[in-house]
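Here you get one chain, nothing else, as structure tokens; it is the form predicted alone.
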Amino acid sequence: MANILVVDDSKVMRDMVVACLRGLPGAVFAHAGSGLEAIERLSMERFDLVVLDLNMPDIGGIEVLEFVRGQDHLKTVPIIVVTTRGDEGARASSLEAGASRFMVKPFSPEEILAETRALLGLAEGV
């Protein structure tokens, strides 16, 4: 079972990510609608993977990444950044801050599912 935190200020986007990952057996999803809520949840709960938007109104995705990578117990949690910002600067700053993968919206359901499976160490079809 994988506990996955989906962080995006758009409920529609959070629901879309969950729909894309619904094929993961036993996956449990939690939602955060802001960077601050994400940090609060990550401080209190254990997650196996985080799907994180960059552009949020309070605390942005880069700041969330920096927080997570600064915490000993969170340093190894895989994080997939999903953003509308497809420029090289956004990619470079995300990866430098500790993102495991960088994806530009819109992404295909197969793409995010494959990246999630790889980061969770799940074989295809599991």
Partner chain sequence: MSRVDLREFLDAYLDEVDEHLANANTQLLALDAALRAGEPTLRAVRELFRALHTIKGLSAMVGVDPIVAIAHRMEASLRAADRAGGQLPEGAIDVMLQAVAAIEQRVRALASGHPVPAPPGPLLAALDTLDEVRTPAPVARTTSGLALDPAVNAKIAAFERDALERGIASGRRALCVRFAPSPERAAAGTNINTVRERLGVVSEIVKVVPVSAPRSAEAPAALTFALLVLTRASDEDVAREVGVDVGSIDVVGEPGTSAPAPEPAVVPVPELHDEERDDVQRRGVVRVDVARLDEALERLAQLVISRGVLAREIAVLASRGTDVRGLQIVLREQSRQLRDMRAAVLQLRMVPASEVLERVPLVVRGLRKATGKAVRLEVDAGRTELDKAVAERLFPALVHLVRNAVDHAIEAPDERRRAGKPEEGLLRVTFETRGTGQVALVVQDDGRGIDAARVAARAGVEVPTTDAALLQLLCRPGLSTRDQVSTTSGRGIGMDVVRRIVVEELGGDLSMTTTPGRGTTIVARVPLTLSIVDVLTFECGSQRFVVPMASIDEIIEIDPTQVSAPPRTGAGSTIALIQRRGEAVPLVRLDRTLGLASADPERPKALVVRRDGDAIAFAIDRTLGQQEVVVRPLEDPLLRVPGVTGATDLGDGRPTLVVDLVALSRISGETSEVRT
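Positions refer to the first chain, counted from 1. Not measured: the values here are computed from a predicted model.
Below, we turn to the form predicted in complex with the partner chain, even though it does not appear here.
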Full three-residue contact with the partner chain in the predicted bound form, heavy atom 4.5 Å, for D15, I59 and L113
yes
In the predicted bound form, does M44 come within 4.5 Å of the partner chain, counting heavy atoms only?
yes
Report yes if any heavy atom of L49 sits within 4.5 Å of a heavy atom of the partner chain in the predicted bound form; otherwise report no.
no
Distance check, K75 to the partner chain in the predicted bound form, heavy atom within 4.5 Å:
no
Touches the partner chain in the predicted bound form: I80 (any heavy atom, 4.5 Å):
no
Within 4.5 Å of the partner chain in the predicted bound form, heavy atoms considered, which of L95, L36, A30, A27?
L36
Does anything in 10-25 come within 4.5 Å of the partner chain in the predicted bound form by heavy atoms, and if so which residues, in order?
S10, K11, V12, M13, D15, M16, A19, C20, G23
